[in-house]
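The chain below stands alone and is given in C-alpha cells; this is the form predicted alone.
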Amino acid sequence: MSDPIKIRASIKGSEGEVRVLMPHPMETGLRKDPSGRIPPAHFIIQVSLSLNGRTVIEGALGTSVSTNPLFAFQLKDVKAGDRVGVSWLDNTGQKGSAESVFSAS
C-alpha cells in the first residue's frame, strides 16, 4: 500500500493504549463500482501486534471490515520506551508493518 500505517502508543501508569490506522481499500469483491463492474476482493486477513519483539495479539479479519480500518488495543504492564509493532497480511499477499515507541500521555 502506498500510505504508511499510523500508530499512536500512549501510556498512563502501567496501562498502554495502541491506536493503529491501516490504509487499505478493504474491498469485498461483492459490490459494484460506479461503472457497474465488480472490483476483485482485496482485504486484510491477518493482523499481528508485538511488544518489544514478542507477539502479544494476533487476529483474523474478513470482508466485513471498513476501508482504512482503525483499531485500538489495550496492553498492561508497559512502560515508556517499550516498542510496539503492527503488521498485516492481505488476501493478495501484500504486507504492511510499522513500529512505534510508547510515550507518557
Partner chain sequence: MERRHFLRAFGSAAALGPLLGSGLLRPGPVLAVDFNRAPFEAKTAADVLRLTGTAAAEATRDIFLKVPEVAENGASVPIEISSNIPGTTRLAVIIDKNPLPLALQFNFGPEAVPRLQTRLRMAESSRLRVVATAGGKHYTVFRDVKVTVGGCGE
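Because the structure is predicted, anything quoted here is derived from the model rather than measured. Residue numbers count along the first chain shown, from 1.
Same protein, other form: the form predicted in complex with its partner chain, not shown, and the subject of what follows.
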Quick one: does residue 59 come within 4.5 Å of its partner chain in the predicted complex, counting heavy atoms only?
yes
request  = Answer with yes or no whether residue 81 is in contact with its partner chain in the predicted complex, where contact means some heavy atom within 4.5 Å.
outcome  = no
Open item on the list: in the predicted complex, is there a heavy atom of its partner chain that lies within 4.5 Å of any heavy atom of residue 67, even though the partner is absent here?
Closed with: yes
According to a 4.5 angstroms non-hydrogen atom cut-off, is residue 11 in contact with its partner chain in the predicted complex? no
Those residues of 62 to 86 with a non-hydrogen atom no more than 4.5 Å from its partner chain in the predicted complex are 62, 63, 64, 65, 66, 67, 70, 71, 72, 73, 74, 75, 76
